[in-house]
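Given as structure tokens, the chain that follows is alone and in the form predicted alone.
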Amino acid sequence: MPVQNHLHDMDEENCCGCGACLQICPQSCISSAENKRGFAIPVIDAEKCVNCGLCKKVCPWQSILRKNQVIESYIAKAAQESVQKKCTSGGIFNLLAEEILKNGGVVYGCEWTDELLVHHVRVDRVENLPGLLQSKYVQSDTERTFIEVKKDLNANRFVLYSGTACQLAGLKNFVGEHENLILVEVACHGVPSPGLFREYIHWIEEKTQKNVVGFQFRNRKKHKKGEHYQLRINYSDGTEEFRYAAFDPYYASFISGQTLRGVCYDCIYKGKDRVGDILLADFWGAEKEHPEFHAENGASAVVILSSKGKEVFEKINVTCKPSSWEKVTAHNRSLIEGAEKTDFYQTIDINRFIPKVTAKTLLKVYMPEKIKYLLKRL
């Protein structure tokens, strides 16, 4: 009898790249290969496949799970300014993670690899938490973390797992419902490919004749809220460079939605019903929706989606005000709809994404932040 592969003809149009299928396969017959646009795609060895169907069972695009509904929404920031400044927006994830760790739990999130790609790692000590903080606009490799989560849950440990909605859906299909598992969903605009980012780093190195050893999106050095999307590049000679997203080919093309994975444009995990226990996002438009809330250093939107999420949120030290789903999404449409679909690039060429600079762009970027903040409040 011929083998019927459940994941045949997979590509980025019908695969989110969460890695659940690779980790569940009892025959280890599923591997990952990079397509021509730089995205990881599962590949099945038909000779090893026994048609068990587990890959289909855990796939978040083929086995849609029950979603959680919004319970409460807040605008929030860490009560301590020092915590705010080391994070991308309001510092809420840092506090949630510390709460789990101090009670003997473990935290999973994404950090940079030595090769300047992004992968998910397990953290069980507070001092190892900083690598998980701040935004990383590259698709993360979940590696074997779903398997590790299952082991931690079986050992009766609390687990906080942070990721995009599709990654959390894959994990939830993998381990099932568990009272000790807290899923923190990071608001997702869509993910660019690791292959494209790798070529982008090579492009920088060729232009500067320097080796890139560190990279940070939304750096706060000159814009404390990070809203101008200023990136920082660290070189091996000890120098650093700052760039604005509007002038950078990788960053600008990501924000405009030109370089996202195929499934991101029609993401089935958008909308009010969510996968996680807590949804974290930037509270864009805070000056208009909550003018009484001082958000000079940035603010987070915190959407509570389960009793577990509410319980852990109430334990952390935050400054917050009640808000609503409508206010959270009024200026953050990526929570409820995908980016406008564009013609896919077929070959990885960073030069094609070099943005055009206009007078409007220059004004928007270089307007002093204090003036911009005051204008928004008015």
Ligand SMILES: Cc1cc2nc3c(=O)[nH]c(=O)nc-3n(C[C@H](O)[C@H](O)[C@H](O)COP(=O)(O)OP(=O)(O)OC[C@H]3O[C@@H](n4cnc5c(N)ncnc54)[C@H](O)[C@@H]3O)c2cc1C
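Only a predicted model underlies this, so the values are computations on that prediction, with no experimental measurement involved. From 1 onward, residues are counted along the sequence shown.
Just so you know, the form predicted in complex with this ligand exists too; it's not on screen, but the next bit is about it.
- Comment: 88-96 is the region of 88-96, 197-205, 147-155, 169-177 lying near this ligand in the predicted complex, near meaning a non-hydrogen atom within 4.5 Å.
- Using a 4.5 angstroms threshold between heavy atoms, residue 162 counts as touching this ligand in the predicted complex.
- Contact annotation: residue 189 falls within 4.5 Å of this ligand in the predicted complex, judged by heavy atom distances.
- Taking the partner from the other structure, this ligand in the predicted complex has no heavy atom within 4.5 Å of any heavy atom of residue 249.
- Using a 4.5 angstroms threshold between heavy atoms, residue 329 stays clear of this ligand in the predicted complex.
- 281 is the sole member of 295, 281, 101, 75 with a non-hydrogen atom lying within 4.5 angstroms of this ligand in the predicted complex.
- Taking 261, 308, 136, 274 one by one, only a single residue has any non-hydrogen atom within 4.5 Å of this ligand in the predicted complex, and it is 136.
- In sequence order, 109, 110 are the residues of 98-112 having a heavy atom within 4.5 Å of this ligand in the predicted complex; the partner itself is omitted from this view.
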